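Below you will find one chain, with nothing else, as structure tokens; this is the form predicted alone, and questions on how it binds or moves follow later.
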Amino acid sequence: MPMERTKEMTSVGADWDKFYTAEISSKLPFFSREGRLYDCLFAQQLTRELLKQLFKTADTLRAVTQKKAGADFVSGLLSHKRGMLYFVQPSTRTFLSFLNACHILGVKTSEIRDTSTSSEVKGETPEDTVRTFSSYVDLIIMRHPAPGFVEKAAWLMNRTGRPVPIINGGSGKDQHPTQALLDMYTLYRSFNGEPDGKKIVMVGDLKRGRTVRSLSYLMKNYKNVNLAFVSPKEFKMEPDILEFLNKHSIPYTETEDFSSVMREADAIYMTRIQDEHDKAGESKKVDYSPYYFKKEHLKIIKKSCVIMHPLPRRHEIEPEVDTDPRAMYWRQERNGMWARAALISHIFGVDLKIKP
């Protein structure tokens, strides 16, 4: 890293508390270098132009790796890099898609999925644990239950003499930028292009669902998108997201009546109840059944409507819906691997080498 950049990193945001509470827009340059993302922490970092580039790279990766020669070429692009998957919150899809995204590009991986196996049980701080990783790897992918911790880790690393990129694989209830990336990639492929002019309905526990929060942030990149938030009153979308939408003049409606918006939806994004965030068993007091998508609803929605879900699901989508061609959640799951591989290739600057 050039000396000038090192000085800049140590002088910007010297006080973590002040940095953390600053507007996200003012922080973004701190996590970028040479016109590229360095750390991927917030959905707000994903511009329309960048999303389009990443989607193109993901599509190309899917195509060229179908043949051995192409897969061997791609797996050599980052074979000199090592990555750490630090997932101290339960995960199946995010962990496996990142793991396989690394493997597609040739990144050698290590993992910690339980802090009881690390020196944190000896009293080491999580911050020191992350700094330890940087002694051995070139990329850290993190999933952590504490809001803001992934950002703090990136902030700390960028102020050291040996920073490494950090990707947010899910942080508390606040951000899940790569889920938003793969969700938008799914919409992009489903609509054969940008989702301009589409109505997107988000259903369920919106208050505590970081996937719908992050996807909402991406709507500022598109024209004439209309959102409908469907939830029980106890789990309405948080005010900060509504303020963001108002600021960017993105129209939205809120309702407890799923049927009132179902017919006009171009995409329906279902979510489960997030009872792992309960403090006193409050989820059990809410009747969640009105926010289920049932087989009978397939006759009501548009023939072109797509049904999405970040998974895992419980009862909010009946299994009988799975065979309908509009059910995109299994494809959405697979899209995550390609979208994340595209992101990693972008961060390391090898995406331009991936050609049809």
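When you see a residue number, it is the position in the sequence shown, counting from 1. In this text the structure is predicted, and so the values were computed from the model without any measurement.
Here the subject shifts to the form predicted together with ligand CP, a form of this protein not shown in this document.
In the predicted complex, residue 281 stays away from ligand CP, with no heavy atom inside 4.5 Å.
Put simply, residue 108 is far from ligand CP in the predicted complex: not one heavy atom of it is within 4.5 Å. Contact check for residue 29: no non-hydrogen atom falls within 4.5 Å of ligand CP in the predicted complex.
In the predicted complex, ligand CP sits within 4.5 Å of a heavy atom of residue 143. Residues within 4.5 angstroms of ligand CP in the predicted complex, judged by any non-hydrogen atom, belong to 86-94 and to none of the other stretches in 221-229, 126-134, 86-94, 243-251.
The listed set 64, 311, 50, 321 contains one residue whose heavy atoms approach ligand CP in the predicted complex to within 4.5 Å, identified as 311. Looking at 158-196, the residues that come within 4.5 Å of ligand CP in the predicted complex, counting any heavy atom, are 176, 179.
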